[in-house]
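Okay, here we've got a single chain as structure tokens, the form predicted alone, with questions on binding and movement later.
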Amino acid sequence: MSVLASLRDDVLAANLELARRGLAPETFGNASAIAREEGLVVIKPSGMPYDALRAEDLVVTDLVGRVVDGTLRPSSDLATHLVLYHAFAGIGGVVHTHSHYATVWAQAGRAIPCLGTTHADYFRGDIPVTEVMEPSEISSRYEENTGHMMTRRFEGLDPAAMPAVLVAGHGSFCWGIGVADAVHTATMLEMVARLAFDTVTLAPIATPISGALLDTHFRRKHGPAAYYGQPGGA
């Protein structure tokens, strides 16, 4: 199977999984993947219902957004995905969702605090939220500027240790080594967003866990010293 055919299958599976997990209602959301050596990106077509989506419907573009294969219009968020691929060299897949609880935090313009070890297992700190976009950024190259807004927010942050961001007033973007990893991150983001929402509802004075506990839980699963699970991922 060619690299492109394999990537199409991966992106199709990722988009269908977003819908199956309830992370992308209606036609909201999209997933993409990049073949860096080939300089190609595969992404969901704009407005395509998930239950009608087929591998041949996916759109292939180059790294400046020109369609090189496909008859449908690519996702309107393509430019945002491309900014992330250019900025974060280690990622291979991007997912955008309007999942309920993550979007609640994004609409509130609030970062998701790390209130427990479930959060720390996947995200090394509070999940950041962008600034509110300026009218000029919205009126010209909106999707591209959304990407730049996210990458500016990540100055000083490691996108491998924090593979998610909330876009103020909008929704969330997640990424990973591959697009399946990005879907998993989006799933965990929605879980910790709900946990945090319920926690601050029950206990408004709840405070984040200590840095020591956060780092210990994150490092158990990530990095060269990780020891959670079995060798080889079994």
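None of these values were measured; they are calculated from a predicted model. Residue numbers here begin at 1 and follow the sequence given.
We do not show the form predicted in complex with a further copy of the same chain, though everything after this point is about it.
*Asks:* I'd like to know whether E143 contacts a further copy of the same chain in the model of the complex, with contact meaning heavy atoms within 4.5 angstroms.
*Replies:* Looking in the model of the complex, residue contacts with a further copy of the same chain include E143, since a heavy atom lies within 4.5 Å.
*Asks:* Taking any heavy atom pair closer than or equal to 4.5 Å as contact, tell me whether P45 reaches a further copy of the same chain in the model of the complex.
*Replies:* Close contact exists here: in the model of the complex, P45 approaches a further copy of the same chain to within 4.5 Å, heavy atoms only.
*Asks:* Is there a non-hydrogen atom of G169 within 4.5 angstroms of a non-hydrogen atom of a further copy of the same chain in the model of the complex?
*Replies:* Yes, G169 lies within 4.5 Å of a further copy of the same chain in the model of the complex.
*Asks:* Even though the partner isn't displayed, in the model of the complex is D126 close enough to a further copy of the same chain, meaning a heavy atom within 4.5 Å?
*Replies:* Output for D126 is no: heavy atoms all beyond 4.5 Å of a further copy of the same chain.
*Asks:* Just one of A79, M150, M162, L115 has a heavy atom within 4.5 Å of a further copy of the same chain in the model of the complex. Which one?
*Replies:* Contact residue from the list: L115.
*Asks:* Which of 205-213, 173-181, 62-70, 35-43 has heavy atoms within 4.5 Å of a further copy of the same chain in the model of the complex?
*Replies:* Selected range: 205-213.
*Asks:* If you look in the model of the complex, which residues in 103-133 sit within 4.5 Å of a further copy of the same chain (heavy atoms)?
*Replies:* If the 4.5 Å heavy-atom criterion is applied to a further copy of the same chain in the model of the complex, 103-133 yields T103, V104, W105, Q107, A108, R110, L115, G116, T117, T118, D121, Y122.
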